[in-house]
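As structure tokens, one chain now follows by itself in the form predicted on its own.
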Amino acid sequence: MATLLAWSFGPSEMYKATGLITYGGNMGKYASGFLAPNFHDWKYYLEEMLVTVQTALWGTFLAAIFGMPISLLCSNNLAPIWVVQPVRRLMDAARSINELVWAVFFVVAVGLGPFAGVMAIFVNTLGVFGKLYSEAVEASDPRPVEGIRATGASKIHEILYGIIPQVMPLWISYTLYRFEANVRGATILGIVGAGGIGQVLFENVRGFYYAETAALMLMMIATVAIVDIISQQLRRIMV
């Protein structure tokens, strides 16, 4: 660990850490601009924040719907190796590219607006769900499946009645956790034109409107906190 940290010290520019103290006066002046949030356009901010949440909701929903059958193709205990490996590599590619990069691609493909953000979240989250869901399937107890197989049931029945009931609580939990993360991630997709609060935030930062930026940041924090509370309650009820 010490060797790795020493190796990455220069490229990571960790030597600039002293600037946090040396330039403390400048940082204080910069931070002071955020101390008086301006909520003058709070209705507009709220509308854009709701668009961000809706974007994350649809992206997560689509990823969950498509991720469930795809995860079965990624599971070594259900699919042959010649199916598992290509599908897993495809899921690796989907999640290895950040939502912001996917958003750039989809803005070019489908134009500016929230739909590009939905598709960006969908593709990235699909890769995540493909991995998480398949790991839950592979960790499932094989005995119920063997019991169902002994009755002469088909492979579909083994999955429906032997695998799905076991993994569904984990799938729901993973989906809710990822929805929280996607709400946070969707807040920045507007920077590249994918709609939502990110575009408003970027315009205010670029224009040095720190009071308005502070208001946006507080609204984003409050939204993520509310989503977190709701998802916790849903997990207690559904899982």
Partner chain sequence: MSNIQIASLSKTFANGTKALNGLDLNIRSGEMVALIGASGSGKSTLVRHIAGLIGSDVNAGTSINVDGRIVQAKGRIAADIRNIRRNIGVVFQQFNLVGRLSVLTNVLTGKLGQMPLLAGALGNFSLADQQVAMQALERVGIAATARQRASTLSGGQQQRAAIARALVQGAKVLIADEPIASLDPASARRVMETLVGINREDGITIIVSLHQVEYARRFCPRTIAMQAGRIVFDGPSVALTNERLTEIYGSASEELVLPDAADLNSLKAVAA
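Predicted model only: the values in this text are computed from it and were never measured. Numbering follows the first chain given and starts at 1.
The same protein also has a form predicted together with the partner chain, omitted here; what follows describes it.
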Inset, instruction - Just give me the single entry in 79, 132, 90, 153 that has a non-hydrogen atom within 4.5 angstroms of the partner chain in the model of the complex. - result: 153
Legend entry - Candidate stretches 114 to 122, 79 to 87, 165 to 173, 92 to 100, one within 4.5 Å of the partner chain in the model of the complex by heavy atom: 165 to 173
Legend entry - the partner chain contact in the model of the complex: residue 110, any heavy atom under 4.5 Å: no
Inset, instruction - Report yes if any heavy atom of residue 148 sits within 4.5 Å of a heavy atom of the partner chain in the model of the complex; otherwise report no. - result: yes
Legend entry - 4.5 angstroms heavy atom contact with the partner chain in the model of the complex for residue 139: no
Inset, instruction - Would you please decide whether residue 161 lies within 4.5 angstroms of the partner chain in the model of the complex, comparing each non-hydrogen atom pair? - result: yes
